[in-house]
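Next up: a single chain in structure tokens, the form predicted alone.
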Amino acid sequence: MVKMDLNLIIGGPQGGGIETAGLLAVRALAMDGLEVFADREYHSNIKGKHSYSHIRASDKRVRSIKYPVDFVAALDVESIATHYKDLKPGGVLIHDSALLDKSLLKLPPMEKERVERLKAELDANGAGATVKELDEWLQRNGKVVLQYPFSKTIVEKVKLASPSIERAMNTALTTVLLRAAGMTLTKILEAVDSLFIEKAEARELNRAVAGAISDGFDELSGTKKLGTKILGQERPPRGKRMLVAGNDAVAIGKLIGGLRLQTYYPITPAADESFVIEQHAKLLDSEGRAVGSPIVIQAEDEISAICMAIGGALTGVRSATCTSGPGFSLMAEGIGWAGMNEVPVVVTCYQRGGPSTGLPTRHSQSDLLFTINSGHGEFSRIVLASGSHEEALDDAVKCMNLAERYQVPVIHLLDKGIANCVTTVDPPVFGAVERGKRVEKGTGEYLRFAIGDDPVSPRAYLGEELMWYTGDEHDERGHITEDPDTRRRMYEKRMAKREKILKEAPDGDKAVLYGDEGFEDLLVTWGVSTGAAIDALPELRSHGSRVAVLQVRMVEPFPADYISKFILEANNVIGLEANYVGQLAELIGCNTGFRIKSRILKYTGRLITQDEVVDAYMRIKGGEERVVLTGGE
């Protein structure tokens, strides 16, 4: 069997059906027995600006995207202008033949700076300023161009009229893309049926469009000498898998972890998680019995969302909220209150480009230091950073358990690259729900904050015992006090949980090493950037490098001893993360005293790609200390 690594881009205007086109392609590829990873890049305006899906499919597991790509399928001129240079030699550009006479430089949705860069680029290449001229230039330079009469075919064969034509163009484009890659119409229709399983009218319309477009495809493509027909092979069965975005994975994990109350205020890219939970009005156990229902509340703001979740947790309900950077800022005081009162509440924080509103729909890993320092004063908390969709699901369960085991606020830290990217994962395994240390009835006066050998006091839920909660310092009953000795003992009780957490946490929750032992170079990273580093390992080794990847998972309390073990073993340590400063590298420096000088950083709002890791690593080996990545649109 031919080993394959297929990369493709489907682009078009925001609101033009690009997300559906991407989901259709991803679903078809996954149903064809491939592993997939798909990045969704979307503009923050409602309609018109350029958006696209970058999809990677392979026989083996993939965790990142890669350039150059095999296919660019463009729904509009801006997508052609933006991605034509992303094609590899022999790569295929697909677009409607009706676009041929359009200008590449008269694109109102495109920013002025990008138009100026594009003009300079086209002038330098002598590529012309119309789609037709660019097509000819691409073909002279070893690319294949499929100019397909999408709109004309839809009108003539499906009998659609505007605006219905526009709603069908995404399926038409995706059909030609998949057929050009070698997929049969039968498999494409299976994916259409799956995607629109609950929408009969849309399903039939899209089946008709796919069929009509496919009819004329063979005749058109026969003259193009397509060398990329690598789909359609028989592949060994992979067993049952799920196709999930990171938001889906966290929602599933929370439900498995016993979530009963989810609060939120809408914000990108966090809100989808609550929408998924909201769709599951009834929870079933592993034997199909109804065990309860989650309550999902859209609060008036993030302050209310965190306070409602805290209130739920005090009553004994497993409670969580979710947000992104600006919303997390508003939750800071509530997190401090939860720290003072030892409340087991979970906050899922999805990072996006800041500061302020920043790049609201774009990727970033720049909230690490903020999450571990959020809230004033000092108190124990756990911050766990997931690096993949599997971890996002497992960690969502884990965070619920850790919150109640240690009675601390737990922050589940993810990035937009996980939240909105789609990939294939194995079905989840249902684990135990741990409710933590509970008070035994009839053992005397209840002291909510009892000080003993264990910093975690037995907990009663509101209504079970008499108790007091306040944001002020308090004694073991919860009564306000400013007595210095009580202050010291309560302070030390809360902070002692950090050592307990570090002592009891499994090594795999602290950090994971990928690659062979005996490494000389160590790439240290976290979050979704881990995937690009792992995918790059085989190519780095092919250059003769002895390199491994260390993914840091627990960032608070920081497992300094465990991380130091790997760092001190390496000759060269290189930081890899999506922010300006190198926040993880700084955190390692603060906690271990080891300064990571070599840093690979990206802060354009786009994902770090596999090819960028390879290129940047070679530049570091060539003597550069700080490599800033700029790839992607």
Partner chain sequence: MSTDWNSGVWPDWCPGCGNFGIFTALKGALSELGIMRERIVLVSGIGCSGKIPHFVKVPGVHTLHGRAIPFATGIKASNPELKVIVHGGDGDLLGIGMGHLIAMGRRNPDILVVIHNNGVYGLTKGQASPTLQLGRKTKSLALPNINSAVNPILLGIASGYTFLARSYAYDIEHLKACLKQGISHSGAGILEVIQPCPTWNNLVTMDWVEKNTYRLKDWDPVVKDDEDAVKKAQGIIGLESGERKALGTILVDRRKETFGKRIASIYKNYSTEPPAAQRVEVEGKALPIDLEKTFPRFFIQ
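Residue numbers count along the first chain shown, from 1. None of these values were measured; they are calculated from a predicted model.
The same protein also exists as the form predicted together with the partner chain; that form is not shown, yet it is the one meant from here on.
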Task: Among 249-257, 119-127, 536-544, 551-559, the region lying within 4.5 Å of the partner chain in the predicted bound form by heavy atom distance - done: 249-257
Open item on the list: Test of understanding: in the predicted bound form, would Ala290 fall inside 4.5 Å of the partner chain by heavy atoms?
Closed with: yes
- [ ] May I ask you to check whether Arg27 falls inside a 4.5 Å heavy atom distance of the partner chain in the predicted bound form?
- [x] yes
TODO: Indicate whether the partner chain has at least one heavy atom within 4.5 Å of a heavy atom of Glu520 in the predicted bound form.
DONE: no
Open item on the list: Would you classify Lys503 as touching the partner chain in the predicted bound form, given a 4.5 Å non-hydrogen atom cut-off?
Closed with: no
TODO: Could you check which residue among Ala496, Leu99, Ile303, Leu369 gets a heavy atom within 4.5 Å of the partner chain in the predicted bound form?
DONE: Ile303
Open item on the list: Give me the residue from Arg487, Lys106, His479, Lys159 that has a heavy atom within 4.5 Å of the partner chain in the predicted bound form.
Closed with: His479
Task: Contacts with the partner chain in the predicted bound form, stretch 412-431 (heavy atom within 4.5 Å) - done: Thr424, Pro427, Pro428, Phe430, Gly431
